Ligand code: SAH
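Shown below, as structure tokens, is a lone chain in the form predicted alone; questions about how it binds or moves come after it.
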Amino acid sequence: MAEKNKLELLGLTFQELTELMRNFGQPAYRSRQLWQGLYRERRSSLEQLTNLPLSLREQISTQGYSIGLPSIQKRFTSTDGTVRYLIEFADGQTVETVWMPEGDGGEEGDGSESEARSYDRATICVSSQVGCAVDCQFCMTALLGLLRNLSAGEIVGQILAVLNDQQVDIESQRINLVFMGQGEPFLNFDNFVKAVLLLVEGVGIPESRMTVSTSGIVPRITDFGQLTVRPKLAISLNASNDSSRRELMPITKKWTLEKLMAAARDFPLRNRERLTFEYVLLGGVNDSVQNAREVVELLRGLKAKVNLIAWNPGPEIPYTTPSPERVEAFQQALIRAGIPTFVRKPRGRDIFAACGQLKRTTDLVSIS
């Protein structure tokens, strides 16, 4: 288990770094240098902050500070190029973060290092909590329960660790972020929001390339809509009526579909923006054409699109993946009603990196 560092620089805003440098008796430009080193240059240790004087780096270390970048404990590589990372924090807790390359070199190749780096763009699936308390019955992460929230620095740190491992040039390669990993981001709302600001202002990833998924924390959907800087919003629907959703997503007992859809209708969309609704199709449970018709009624009048996800199997989860024919019938029922509907291609299913499969399953796959 790693030793817990009491004070970590990663996660501090520019204003907080400025105050820190002032307390150290340093001129204001040192905070800008430190900010650049942490977020844009993605330095992993104080020794690498060579734009700062050695005496200042020693002072920072003596005061108990470290950068706080998490470490990659294990990585697993899929046949489709997806990489599932087991990321370890200073207290020894771990989460999973997923790298999904797209474009040239993203789907095929011989697995060589040079070819693995050849891609036009990539998506990183980010975790917000260690485990999850929402307890969706079809999700492997639910089996962990909730251990703790991640700090803003730990959320950002996952992304920086993956960017460093993949040798990404943020200026020339398009990186998208989806906050759809382990945990419910809106149950760690303040840290999630702070992380987004650090990613936009520090790392240089615009919020237009970010999407956050919520299981339906209604008050936070309202709060999220008031933010000046915010990613796109996706809502995990996964059922077409309250009785089914209560079985699949117990959180529905607190926030019914009526309350959830009211929050969705009140959500302030930007120009050309649509709400995304995600729907995991479970064979014989929620995948009938009648279910699709009920979804049409739920979304009627909303500026929305739907992503369909054929359930990704996992140990201890008692569901089945629907047939392609049932998935197609469900999709076409929505499209005929005028709702843009897409079937999400599973990525990394063979290494338990696909949607709903993140559970630190280190004993089930081979390390790349």
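In this text the structure is predicted, and so the values were computed from the model without any measurement. Residue numbers run from 1 along the displayed sequence.
What comes next is about the form predicted together with this ligand, which is not displayed.
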Answer range among 209-217, 87-95, 289-297, 265-273 for contact with this ligand, defined in the predicted bound form as heavy atoms within 4.5 Å
209-217
Please tell me whether any heavy atom belonging to residue 80 falls inside 4.5 Å of a heavy atom of this ligand, as the geometry stands in the predicted bound form.
no
Using the partner position in the predicted bound form, report whether residue 102 sits within 4.5 Å of this ligand, counting heavy atoms only.
no
Does residue 180 reach this ligand in the predicted bound form, with heavy atoms at most 4.5 Å apart?
yes
Wondering, does residue 341 line up within 4.5 Å of this ligand in the predicted bound form on heavy atoms?
no
Give a yes or no on whether each residue among 12, 156 and 190 has a heavy atom within 4.5 Å of this ligand in the predicted bound form.
no
Find the only residue in 122, 162, 139, 221 having a heavy atom within 4.5 Å of this ligand in the predicted bound form.
139
So which of 175, 199, 260, 280 reaches within 4.5 angstroms of this ligand in the predicted bound form, heavy atom to heavy atom?
280
Enumerate the residues of 75-92 that have a non-hydrogen atom within 4.5 Å of this ligand in the predicted bound form, in sequence order, or give none.
none
